Every structure is written in structure tokens, then in C-alpha cells.
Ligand code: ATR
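Below you will find one chain, with nothing else, as C-alpha cells; this is the form predicted on its own, and questions on how it binds or moves follow later.
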């Protein structure tokens, strides 16, 4: 049996176990997905210990995505983003490497979610609201896929710092949000606004328009105020569960080498969110 899992703190709320186990069941794989909560200063040690325990792969969530960089050989994209959310022990188990490989599948979560909804990225103007972990993954993913990216953040300096690392990107505050949204083809909310307070939105309804595609990284609730008001404006909307799904799908494929059963994993995920 192959053991996969998730490290983070806390992880009790995670939707990854049912999503991944639905994938294993659909393909008839002898595998299980479990969760671990290392101490705050033990993330790198947990990654190193995984090899000794015979773990096949681990997802990594907050607050450890940066901490585990020192314990893996990061893929180029993960190194550029500065965060790892998927650890693959396959090369170690095969005797091909001393350390597991580290990937960032959050970026693929963005691009594959948009592709699933037939939203083009190449040549488009993209606005990413938020410069935290999700914002970094979104900005790099969209720029690498051919979009021109602007990062807007409540603290302008963080947006500018991120933009300086992303090819062709610009960054700034929220004071010109109306103009930025008006000029955008793609809008990604990479903040948590709308999660704990569902009546809140990162972008006022008056700014939204029908030529937008809007991806909200928030997945609980599935229909946020931003998405509801974007749909009312005629925009294409993509809820955060799609981003969550496809980052998991990407990890599943990295670990197993199989084409992930997207429909089965999506059904399991949405059953948990209902």
C-alpha cells in the first residue's frame, strides 16, 4: 500500500483526504491518504522523516509551504514561487535522489481551473487581488501562461515586491481598483475576503463587467458574494473549489503517474462542501 498525506497545522478541516481517496478508489489503487500535524518548527524534519517511513508523497499546507523548501529539491516553478505544496518521494524510493522533489501545484490549480471553464489566458490582462501565497501562485501561473499581470494588494509594497519577481508584471495598491478591473479580462481573488464574512467582497459590484472571467480562491462558501455579483454582471465565474480540485489533481498525477479521475475527485470534494 502506498501512503500519501498532508502536513499542516491545523489540518482537521482539510478536504484533501476524501478527494484523493476517491481518486484511488476510482482507479483501483492500493493507497491511503492521511493527515499529520507537526510542531511549528518541525516541518523540515517531518519531510525528511517521511522517506524513512516509506511515505510516497505529501501535500503541504499552511504554515509550512515555505519551511519545507530546505528539505526538498524544488522544481523550478516552486523555487520561483518560493513555496512547496507537494512533495514527491518517488525519486528517493527509486534510489535516484537523496531528497524528495518539491512542487507547487497551486499554480496548476489556477490554470487548469480556468482551462476547464474554457477561459483563455494567453494574451489576456489579468488582475490578481492579494499578494500572499495564493496570490504568488496565481501571478506566476498566469504570467507563465502568457497573461499580462497586475497585482493589487492592501499593502502596496507587497504587491510591488511580488510583481518584481513575476515576468512583465506590475503591482500596486487598491486605490485604482476600478480602473484596473475595467481594463482586465481575468480577475483572481487570492485573498480570504468573503470566507469568514460572506457578506464581504474584495471587489465592489460596480467595478465588475461582462467581459471578465472571475476566479475566486475562496471555496467555503462555494458561491461568494464576489462570484454572485460577477455572474449578475454577465461575467464568467469559476469557484474556488475548482482551484482546490485541480491542485489536488496535479499532485495526484505527480505522485502516481496516472491520469487523475477528475470527475470522481470533484464529486467527493463537492459532497464535502455541501
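This one's a predicted model, so the numbers in the text were calculated from it and none came from an experiment. Positions refer to the first chain, counted from 1.
Omitted here: the form predicted together with the ligand. The next part is about that form.
Stretch 130 to 138 is the contacting one of 117 to 125, 74 to 82, 130 to 138, 96 to 104, since its residues have non-hydrogen atoms within 4.5 Å of the ligand in the predicted complex. Contact annotation: residue 158 falls within 4.5 Å of the ligand in the predicted complex, judged by heavy atom distances. A residue is said to contact a partner when one of its heavy atoms sits within 4.5 Å of a partner heavy atom; residue 181 fails this definition for the ligand in the predicted complex, lying far away. Although the partner is absent here, residue 193 lies within 4.5 Å of the ligand in the predicted complex, judged by heavy atoms.
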